[in-house]
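What follows is one chain in structure tokens, specifically the form predicted on its own.
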């Protein structure tokens, strides 16, 4: 009988069934092993040569080294791998509640304490800083959420590339500042940080479904000129925004289908879409604005709302439409601030 190993996937607890069903189609050789809320593992043969397969619902993934209950046990699992310094990622699973509804005073305290203890116990064993770069070996240590009882640690690793977010757990939740008009601020910030695509000061962005303005506000704060398309009312602080470099917000107060071609700004460097419609409809408007951008786009962040099993079953067709938009790279993930949705991140 062939020896086996395990793969782990970090995800929203509420998305576990969709993650399992998606992987059953994409990687039928994976056999479910065990799970905790927000973390699911699968068994594969030891000779499995492919990288752990990405899932649209997994924020991070890798290979398992085993379970541990203490700092010495964690370091013992690392010892046979390499003697060279490695990138250390210590992070917690998601609890069964939206990220922005957690107690901010507790979030991340357990992994932060564990990381300090690991670094103190093994000086020079880990690289400084958390952001992984291409080709690095990343040592992953996963704990229970800080507000829940300790139930042990899962220890694993992954080789970083652009299919992974560069931060512990792919990316952690970005707390929403008091000035932000809505939680969409966190969604766009997390997508930017997970993707590694950085908008530049002075570039222009179009957001479809912009009201009341959380994502637009985040892009304005990054120095972009932002055009929001939405018949809904925008927050006063978005409408009145004036950046240090003169960047501001322009409101196209109408549905995306009604924006005349001559009213579309040129060039468009970034496109964001968080339209509160079924994705098969929302993608019509995305397709129109990508065509109107005439090859000037650098990137896009497209939210796909998945409110029921019917939309989940349609995901392969929806992804085919996204991939026909002409981007050189398309990636998907579900972010900490997401609920029943994923984001497609496109780079041109």
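Numbering follows the first chain given and starts at 1. As the structure is a computational prediction, the values presented were derived from the model and not from experiment.
Beyond what is shown, the protein has a form predicted in complex with a small molecule; the following relates to that form.
For the small molecule in the model of the complex, the listed stretch (93 to 101, 230 to 238, 137 to 145, 153 to 161) containing residues with heavy atoms inside 4.5 Å is 230 to 238. In the model of the complex, residue 215 approaches the small molecule with a heavy atom inside 4.5 Å. At a distance threshold of 4.5 angstroms between non-hydrogen atoms, residue 189 is out of contact with the small molecule in the model of the complex. Heavy atoms of residue 127 never reach within 4.5 Å of the small molecule in the model of the complex, leaving it off the interface. By the criterion of a heavy atom within 4.5 Å, residue 276 is counted among the residues contacting the small molecule in the model of the complex. For the marked spot (222, 297 and 345), a heavy atom within 4.5 Å of the small molecule in the model of the complex is absent from each of the three residues. When the small molecule is considered in the model of the complex, only one residue from 88, 174, 271, 184 comes within 4.5 Å through any heavy atom, namely 184. Contact with the small molecule in the model of the complex, judged by any heavy atom within 4.5 Å, is made by just one of 243, 199, 265, 255: 255.
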